[in-house]
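First comes one chain, alone, set out as structure tokens in the form predicted alone.
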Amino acid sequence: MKFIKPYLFAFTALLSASCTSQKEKPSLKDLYKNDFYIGTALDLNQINEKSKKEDSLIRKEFNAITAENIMKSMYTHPQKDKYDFTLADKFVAYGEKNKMFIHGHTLIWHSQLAPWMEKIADSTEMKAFMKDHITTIVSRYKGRVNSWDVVNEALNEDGTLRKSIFLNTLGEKYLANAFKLAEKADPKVDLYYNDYNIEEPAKRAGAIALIKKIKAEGGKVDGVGIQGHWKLESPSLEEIEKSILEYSALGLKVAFTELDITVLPNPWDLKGADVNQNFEGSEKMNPYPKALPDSIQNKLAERYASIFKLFLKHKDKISRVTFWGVHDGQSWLNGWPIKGRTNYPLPFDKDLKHKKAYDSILKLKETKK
């Protein structure tokens, strides 16, 4: 027995060191805590804390959250005279419990409307709807939600205004009115305009003109949300940087709100995140059904590293970087623009293991320590 004790002691010490090492491993939110918030979008199961493993990962890696769907109009306001805050309340409570920055998504958006909203035909009814909807929701979470996407995706690709039900019934003034109503309901909350492809020149120019007009009409705009649904090769870092600089020059906080990077082919050269577009495809459009080859893993890691290097360069202008999903398995890109594909756009895979992309983001900060 006298020979066993030294080996037992050595094994125990090794095990203890291993556990300590695991506990001390840095996370995204820890390494970037002095730069900007690191956020993620939560789906219904995550808000309901269905998986302890996912919940543990979320709490370890992220300090900001956005609800992927449940705060959108069709869920919070299903009938004209009925609101349903069951899930939104759980989402906000989750963020409070874990001391996270809570972002509300979204108040006014042409998509995912409740059916009754799509039947609104005249300006009087639409104005009443907007006032009731924005005031009720923002007031409910006053002092609890830290920022809101007040208006989402109001622009076409050329920078002109999208002909939504809001524009058709109220004209351009609906934009400034939305921000005025949100500010009145909670004067201290940060208010954002959120859109995709607004790092591209034409749409960026449209977004800048839109925000200037809202401000000129008395609307309070604190920040702009660049969604960041990007590819391995585009948009260029130059255009992303120009966007950071030009939006910041307006006195705006710049947030990257829905970041993911598709690795799959797209024969239609689609950009952005118009959820109304959907296409059938072939096996050629789903080249990695089982796993991502190392060569593509490396490209994804390099892309994320270059993007976050740019973010760090302009950390004084950036308020938040939010990934659109916790892991690959929940990504909306598995079903858009072609259903049934397997995409790999996030730093964590479907088994919640960190990928080379995750390591590349961490290394940018670890090397500076």
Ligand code: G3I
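What you see is a predicted model; the values in this text were computed from it and never measured. Numbering starts at 1 and follows the sequence shown.
Although it is not shown, the form predicted together with the ligand is what the next lines describe.
- For this chain shown on its own, do 230, 303 and 354 all sit within 4.5 Å of the ligand in the model of the complex, going by heavy atoms? Looking in the model of the complex, the three residues 230, 303 and 354 all stay beyond 4.5 Å of the ligand (heavy atoms).
- Partner-facing stretch of 238-246, 152-160, 290-298, 199-207, counted where any non-hydrogen atom is within 4.5 angstroms of the ligand in the model of the complex: In the other structure, the partner sits against 152-160.
- Contacting member of 109, 85, 101, 116, with respect to the ligand in the model of the complex [4.5 Å, heavy atom]: Contact residue from the list: 109.
- Message: So in the model of the complex, is the ligand close enough to residue 61 to count as touching (4.5 Å, heavy atoms)?
- Response: No.
- Message: Is residue 328 near the ligand? Define near as a heavy atom within 4.5 Å, in the model of the complex.
- Response: Looking in the model of the complex, residue contacts with the ligand do not include residue 328, since no heavy atom lies within 4.5 Å.
- Query: Even though the ligand is not shown here, does residue 72 get within 4.5 Å of it in the model of the complex, heavy atoms only?
  - Reply: Although the ligand is absent here, residue 72 would touch it in the model of the complex, with heavy atoms inside 4.5 Å.
- Can you check whether residue 324 is within 4.5 Å of the ligand in the model of the complex, heavy atom basis? Because a heavy atom of residue 324 falls inside 4.5 Å of the ligand in the model of the complex, the answer is yes.
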